[in-house]
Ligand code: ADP
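Taking the form predicted alone, here's one chain by itself in structure tokens.
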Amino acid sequence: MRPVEEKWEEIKNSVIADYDISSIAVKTWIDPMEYYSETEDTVTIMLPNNKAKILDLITNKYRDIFIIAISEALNNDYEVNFIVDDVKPQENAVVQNTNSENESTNSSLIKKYTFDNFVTGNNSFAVSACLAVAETAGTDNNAYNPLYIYGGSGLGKTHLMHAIGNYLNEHNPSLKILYVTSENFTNEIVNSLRSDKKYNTDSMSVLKDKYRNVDVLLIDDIQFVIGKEATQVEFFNTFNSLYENGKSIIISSDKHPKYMETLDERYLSRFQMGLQVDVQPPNYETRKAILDQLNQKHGNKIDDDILIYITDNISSNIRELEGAYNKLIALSRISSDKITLEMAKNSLKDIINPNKTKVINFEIIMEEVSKHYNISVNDILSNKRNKEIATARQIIIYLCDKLTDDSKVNIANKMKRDHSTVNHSINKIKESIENDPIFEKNIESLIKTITSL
């Protein structure tokens, strides 16, 4: 007889009801929990493998709650352990990402960006980490500080940033939360410095108070701060002040801090003190789920065969996915006829052209790598040998060999290098991919970007 197993669902339901756990926390933390085993005095609860990195957080947050719930259900005291199932495949949740701005709170948060309407898909760990930060900000168990969210444009980083802030506004309204884009942060610094110099004001002191007297600071697209000396210095002084006082810092960027070439080593170490999570391009199921949710929101005005057509042909960017759908909704409002697949194809021909042959060449790869690493083409083709430029150069050679029909001799000529350098570069990148998972993900991201152009 296993009394805990028999009453497992009842126990979970009492945990949810008695402790007023939010719906997103139920979906993220409680629902995935499964009964695993029990002895006379210990109950073991199993979590899916995508919760492995946050096992300690879940244990600290829910262990005592389950001890009480089990005791009340069975009138018997049990110890509770949590384990991770390393065999069970990771489950995918569902998420929608939107772009249009909505009514903002006084902390500049867009209310419509929440955890509940973010289609998780293949980004379950990123969502779990963001929720963990939202649940622990302002407490002694301030998880993963700083949290660094990175990934390509249009994948949902900003949505997750606002979701954290909105969750805090709802569940911990006493906290002072400040969300700012790096562009606005930079403008405020520049304007304050100018004002102090021109009018002998005290604007910088006021600005410092604004940013350093908060409980949670969220800065979006931090890559635009890096390299601007005055802004960069002020940001890191603010960062240090908040961190030393136990305040939460959430940052987003287009790449892992390790690949921000102009980032000083002392700043790199600060970014890597907490947790870095990447937001991946949506897989097929996630893209379809996003469109299905959008369609449901609009009364299922678009037929499923059209949604499948969009899903098949837009793969790298959620923003483009939603843009295609919104264009069809606009068409449905001005057309008296039902939207057909042919009408959709004609309307979306500036976005989708499945018959167009994708030609990947040296120039495209050079442009994308240059943009990705924020290094000029002239520097890449120069004789400069610093590590950042040399790595970008090697990546271009590797990608040209992998993605184009160019011979190694042609690649060498275009890169203004000799044949041996090309071979060395290819082998060097292959070795880095094999030995560095972060570097491997970075190369995969570049390939996805280039092949989706």
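Please read all numbers here as calculations on a predicted model, not as lab measurements. For every residue, the number given is its place in the sequence shown, counted from 1.
There is another form of the same protein, the form predicted in complex with the ligand; it is not shown, and what comes next is about it.
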Pocket accessibility when the ligand, as posed in the predicted bound form, is superimposed onto this form, judged at 2.4 Å from backbone or C-beta = blocked
message = Quick check on residue 82: any heavy atom within 4.5 Å of the ligand in the predicted bound form?
response = no
query = Closest heavy atom of residue 251 to the ligand in the predicted bound form, within 4.5 Å or not?
reply = no
message = When the contact criterion is heavy atoms within 4.5 Å, does residue 158 count as touching the ligand in the predicted bound form?
response = yes
Distance check, residue 144 to the ligand in the predicted bound form, heavy atom within 4.5 Å = no
inquiry  = Can you pick out, from 361, 172, 153, 272, the residue that has a heavy atom within 4.5 Å of the ligand in the predicted bound form?
reply    = 153
Contacting member of 113, 243, 148, 373, with respect to the ligand in the predicted bound form [4.5 Å, heavy atom] = 113
query = Any chance all of 194, 202 and 415 sit within 4.5 Å of the ligand in the predicted bound form, going by non-hydrogen atoms?
reply = no
task = Among 206-214, 158-166, 134-142, 264-272, mark the stretch whose residues have heavy atoms within 4.5 Å of the ligand in the predicted bound form.
result = 158-166
message = Using a 4.5 Å heavy atom cutoff, which residues in 110-136 contact the ligand in the predicted bound form? It's fine if the answer is none.
response = 113, 117, 118, 119
ask   = So the Cα-Cα distance between residue 115 and residue 67 shifts by 3 Å or more in the predicted bound form; is it shorter or longer than what we see here?
value = closer
